[in-house]
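What follows is a single chain, given as structure tokens, in the form predicted on its own.
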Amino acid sequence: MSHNGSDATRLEWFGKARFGLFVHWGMYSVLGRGEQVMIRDLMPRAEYDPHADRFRPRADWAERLAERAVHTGAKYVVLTTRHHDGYCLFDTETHDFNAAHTGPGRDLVAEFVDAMRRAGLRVGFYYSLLNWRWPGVWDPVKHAGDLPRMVEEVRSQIRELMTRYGSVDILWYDGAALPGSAAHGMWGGHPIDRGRAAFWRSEELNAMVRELQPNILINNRSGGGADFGTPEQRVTGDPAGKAWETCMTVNYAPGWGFIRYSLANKTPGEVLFNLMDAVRLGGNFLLNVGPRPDGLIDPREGRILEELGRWMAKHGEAVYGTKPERLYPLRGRAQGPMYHYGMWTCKGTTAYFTFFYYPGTELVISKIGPGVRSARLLGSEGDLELVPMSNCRTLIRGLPETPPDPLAPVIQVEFEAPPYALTELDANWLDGTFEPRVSGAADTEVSRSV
């Protein structure tokens, strides 16, 4: 296995990007009931397959998607090249159930890659190892002959994806369930007695991928070696400290693909809260959209992207290239200092505080060291007033009485050194005489009680 550069070098762009778009799109969008309608409605192949000829994307769908991604502030886009229904958006030689041989009549992955690159975006390929169309998925005993053919199909299609489209930045596996195992509320009957990595030959598959694409990043869903974790619909850091990325829908799953009438969507504020929750803890945020059959973003999702893009244009420096520093040193989920007002992100001695619970004209900075040098509201001129307080606090004065941004205002705070959480509290704070043990304070972990 050969890599160009170290793992840290390959991951460098990913850690700076922090925000990407996930795109679940395929022939299932014609039905407008999500990407898993085939299994959820128990549609036989003879009923499901003809809808592929009704899938007719616009000629400019990819360019419009790229424009949306850039305007929203995303730095990379991950497209579903094949989902669990087995339909491929690329012209595969393994079968004709693909975009080049059905309704679209062309290679949609090629169009996607070209548009993203011209827009300066990184390119990611989602690929489902699982393909519901094989009877062996559901009954691996009766259809045992399917099993090696399923694995070989995966290998062939992955090779096509890794050799036809130039440099690929991310391979986003999904659907590594074993044949015969429980899936989407259905049971195949006789799960095979083998680990998923062994069945899918994941190590061998990933070695091929890395040989063909030395700089690619691979997620953790194949069962083989991985570059980053993928918590789904929740913000949870990696306990081992590895890179990670939360993927999340605008609606409340199970709707990743286009849903014509989605009645329970998150607000722009909820989406931004989840994005910043991931970034503050050192992760990335992959926001999903499910385009319409023509390839355009549904207006309901579009309004959220529009609001998010407006916010990112003004406050993006609080997102891109930031780190938790020592404000959130615990692995996994931690509230950290001042969580009752919002969330911190950091770049060295510069920290950004995003308000989700606005306090009015004054803000108390507490439980953070070292000293504060200056503070200003992003988007405004001039520094805010700083007033030293007891218990190692700093009062910031001069904020607007009402929130100056409809989503979340941000202040930039300069510290004397990279900020860290003050974690060892004694009873002196009740008298206003709390003084932290500065030596070693930056190396301690967030307290269980502070």
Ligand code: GLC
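Counting begins at 1, following the sequence as shown. Please read all numbers here as calculations on a predicted model, not as lab measurements.
One more form of this protein exists, namely the form predicted together with alpha-D-glucopyranose; it is left out here, but the text below deals with it.
- Think of it this way: in the model of the complex, alpha-D-glucopyranose has a heavy atom of just one of Thr394, Gln412, Asn391, Gln36 within 4.5 Å, and the residue is Gln36.
- The contact with alpha-D-glucopyranose in the model of the complex, taken as any heavy atom within 4.5 Å, belongs to His84 out of Lys367, Lys75, His84, His315.
- The candidate site formed by Asp174, Cys247 and Trp256 is fully in contact with alpha-D-glucopyranose in the model of the complex, as each residue has a non-hydrogen atom within 4.5 angstroms of it.
- Mapping the unseen interface onto this chain, Phe19 falls outside it, with no heavy atom inside 4.5 Å of alpha-D-glucopyranose in the model of the complex.
- Proximity of Phe353 to alpha-D-glucopyranose in the model of the complex: non-hydrogen atoms within 4.5 Å are absent; the residue sits far from the partner.
- Taking non-hydrogen atoms only, Glu307 never approaches alpha-D-glucopyranose to within 4.5 angstroms in the model of the complex.
- The closest non-hydrogen atom of Asp238 lies beyond 4.5 Å of alpha-D-glucopyranose in the model of the complex.
- Annotated contact segment (heavy atom within 4.5 Å of alpha-D-glucopyranose in the model of the complex): 28-36, selected among 416-424, 28-36, 399-407, 55-63.
- If you take 280-312 and check each residue for a heavy atom within 4.5 Å of alpha-D-glucopyranose in the model of the complex, you get nothing at all.
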